[in-house]
Each structure stands twice: as C-alpha cells, then as structure tokens.
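Included below are structure tokens for two forms of one protein chain, each presented in isolation as structure 1 and structure 2.
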Structure 1
C-alpha cells in the first residue's frame, strides 16, 4: 500500500478514463456523498463512472443521487473505494473486489491499507471532506449535485457539526461549498437528516423513555430491551438501530447502556460515553471493546444478572477515571 497526497490522488483520478466506485455496506450519508460526488465529477470530465454498493441506498438518501448516473456495466480502468475503512465492509455483493481496489479515499484512522494506493486524512471529519480537497485539486467545479453530496456527507458524519470532529477546517470547507452553491436549501437537508422521525421511531422513543433506568445518581442511564418487551410492543430488530445513544440525552448522564436480548438470556450491550468516561476500557473488562466513547460487549445471563455485571463494571470504570 502506498500513501498518496491529495495532489497525487487528483492526478491518479484525472488520468483514469473510467472507474467503479465502491462504498461500504449499510451505506450512510458520507459514503453515498463521497461516492456519488466523485462519480458526478467523472461525468463532468467526460469520463465513465458507476457507484456500487452491496446494499440498496435507503430512501432517505435518494435526494443525494445525481440524475444522470451511469448504470450500464463497463470495464473500469480504476477501482476506487470511498469511505471504506476495511475490505470486509464492502459486503458480500462486492466481495469480488476484495484485493482489487486500486485507490481508497478515506478518513478512518483505522483504515486497514487494503487498497494499492490510499489517500487518507485521519483528522478529516468525513470522507467527503477529503474528497472536497481532491476535487478542488482536480479543478472540478462544485456543481449543485456535488455540493449536495459533499455537504450531506460532512453534516451527517459530524451530527450537524455537533461532534468533536467538526473543527475549523470542516467549517471552512462547508463555507466554500456554500459559497459555490448558495441557493441550495441546506436547512431542508438538515431537517430531513436530523430532525424528522417516522411515527414508528417516535413511538419507540416513547417506549425507551418508559424503560429508562437511572443508576449512580443518574450518571449511568440504562435501557434493557428483553425479547419479552420486543414481543409486547411489536418492535422489530431493525428499528433498534441508532438507539445506543438514547439514554445519553438525559441531563447528567455520563454513560449510557443499552442491553438487547438477541437470544434468550444473551444480551448485546452498547455503551456510550458523554465525555470523560472511557467505555472501551469498561467493555474490555467484560470481554468486548470499541472506541473510547462508543463500545460494546456480549453478556450471558438473565436480565437482572447481566445488569448487575454491567453496573459493577461501569461503577469500577468510573471510579478509576
């Protein structure tokens, strides 16, 4: 694997007549944004490009897709991966491309270096932020389609500029995108990405609020979702995505724990930290792992048994820090 600068990456892309652009499975705003922005740039330059994903692009992101996308197959001169930290994340339907990626554009510090050449900025908030620099180097105009893709990717990966990763450079790039396309209704994109909830999700939030348990003077908030509860409220497994941080919104919460019973008496635990508690350390003591602010593990036992084990580990972890 060879690390490329932004300039070298731009040259590599300008030299290619055509490309397949691979994005990760369970696609999100950032991989869709970087994938399609790059494809649109290719189209503008008179080159051929196709974006490939193992999973379908969810409906909520359809507004990002440029209209004139190439759909037919061709023999690509270059295989690019955008926002894909690990080949495994290409998913089953794209497994044929494992070991065959020529160039990867990414912002995950954990990138495994699977591609022949890698343009990585581990400090960038989003792959779209890295791609913006590459497109500027390529002298590609920031068209309406490209601006929508890049803005949405950056906004979604930063929680609408709420997280630590949204730094001065991120804001400056967003300013440049907005200068290039001032008439896009960015607020409508934000509303759809961050505010709007389905009625089902609102009902789920209601249930989760009822299930909230407070420990350690409210510093640890926990939700335990047993199979029995899922049956009672007819909750589908897929609805539970993205709820790991739910208990963390309670004032004073430092650690949030969501327990999901995925087999009888086997719980998957998602732990999140608001600030100073290292939940990766805590989950490691329980045989799991992850990042400082987002980690997980699996625990066997009844709900009460599992809860006791977790709470003891959290109390120890919080005392240590």
Structure 2
C-alpha cells in the first residue's frame, strides 16, 4: 500500500478514463455522498463512472442520486473505494473486488491499507471532506449535485456539526461549499436528515427506550435488536439507520452500544462515545474499528453471548483509558 497526497490522488483520478466507485454495505450519508460526488466529477470531466454498493441506497438518501446514472457496460480503468476502511465492509455482493481496489479515499484511522494506493486523512470529519480537497486540486467545479453530496456527507458524519470532529477546517470547507452553491436549501437537508422521522421510526424510538439496558453504573447503555423483535414490531431495516447514538441521550452515558442481528446469531455492533472513551480501540479488539467516537464490529453468537463479549470488551477498554 502506498500513501498518496491529495495532489497525487488528484492526478491519479485525472489520469483515469473510467472508474467503478465502491462504497460500503449499509450505506450512510458519507459513503453515498463521496461516492456519487466523485462519480459526478468524472462525468463532468467526460469520463465514465459508476457507484457500486452491496445494499440498496436508503430512500431518505435518494435526493443525492443523479437523475441519469451510467448504465452502459464498460471496463473500468480504475477501481476506487470511498469511505471504506476495510474491504470486508464492501459486503458479499462486491466480494469480487476484494484485493482489486486500486485507490481508497478515506478518513478512518483504522483503515487496513487493503488498497494499492491510499489517500487518508484521519483528522478529517468525513470522507467527503477529503474528497472536497481532492476535487479542488482537480479543478472540478462544485456543481449543485456535488455540493449536495459533499454537504450531506459531512453533515451526517458530524451529527449536524455537533461532534468533536467538526473543527474549524471542516466548517471552512462547508462554508466554501455553501458559497459555491448558495441557492441549495441546506436547512432542509438538515431537517430531513436529523429531525423528520417516519411514524414507524417514532414508534421505534418508544420501543428502543423500553429496551435500553444500563451497565457500569450507567456509563454504558446498550440496546439489542434481534430479528425476532423486528418481526414482532414490523420494524423495517431502513428505520434502524441513525440509531447508534440513541442510547447516548441518557444522562451520564459515556458509551452507546447498539446490537443489530442481520443474520441468525450474527450481530453488527455500533458503538458511540460521548466524551473520553475511544470506541475504535474497543472495536479493534473485537475485529472491527472506526473512529475514536464512532466505531463498529461484528459478533457471532446468541444475543446473550454477543452481549457478554461486548460488555467485557467495553469494561476492559474503559478501565485502560
């Protein structure tokens, strides 16, 4: 793996005639934003690009998708991963690209270095922030489509700019995006991303409150969502997006753990930190990773078995820190 500068990354992209852009499974605002912003930049330059994801893009993000996407078949000259820290996160549908990624653009400090070349800024709030720097070096104009993607990616990965990762540099970049496209209704994007909820999601919040479990004198709050529970309450998978930080709303909570069973006895774990706990370190001990305050991993076993493994890791992690 070779580490590239922003300037070197820009040249690498400019030299490519076409690209497949891979984003991670269970796509969020940042990977969708960085993937489609880069694809739009390619199209502006007269190149071919297609975004590939193992899972469907959630409906709430469809406003970021271009009206006309490249559907024609082509052999990509470059395979790029955007906001993908580990090739395992590509998911089963994109498993054929494992070991074939030419370039990764990322901001996760836990990036495994799986790509041939890596443009990584671990201090950036989002992959969209890194990509903005690259696009500026490429002299790509910040069109309305690109601005919507970049803004949404940065906003969602900073919790609408409430997280510590939204520093001065991040705010300056967002201001430049807004200056480039002042007519976009950014407040509406924020409302749709952070305030508006479906009736099902409103009901889900009530259920989650009832499911909250407190550990370590209230410093760790945990929610376990099993397939049985989802079937019982007719919870749609898409309604689970964005719940990772829900348990941190409890006063005194330092670590939030959300367990989601996506296959029988296989749980995807999302951890969030309110302040001083490094959840990336904790998740790395469980084969995962991420950011200091937002990380994840996968645990196999029954709900109780997975819960015990996680709580033990959290307790050890908090004791060390």
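Numbering follows the first chain given and starts at 1. The shown structure was predicted, so the numbers you read here are calculated from the model rather than taken from an experiment. Here the rigid core means the biggest group of C-alpha atoms that line up within 1.5 Å when the two forms are laid on top of each other.
Fill in: Index of the chain form predicted together with a further copy of the same chain, chosen from the pair
Here the form predicted together with a further copy of the same chain corresponds to structure 1.
Worksheet item: At the hinge of the rigid-body rearrangement between structures 1 and 2: which of 224, 200, 171, 44?
Response: Looking at 224, 200, 171, 44, only one falls at a hinge: 200.
Worksheet item: What turn in degrees does the smaller rigid part make against its larger partner between structures 1 and 2?
Response: In whole degrees, the smaller rigid segment turns 26.
Discussion item. Rigid core superposed: how many angstrom does the CA of residue 245 shift between structures 1 and 2?
Written reply: C-alpha shift for residue 245: 3.4 Å.
Worksheet item: Keeping the rigid core fixed, what distance in angstrom separates the two C-alpha positions of residue 301 between structures 1 and 2?
Response: Here residue 301 registers a C-alpha shift of 13.4 Å.
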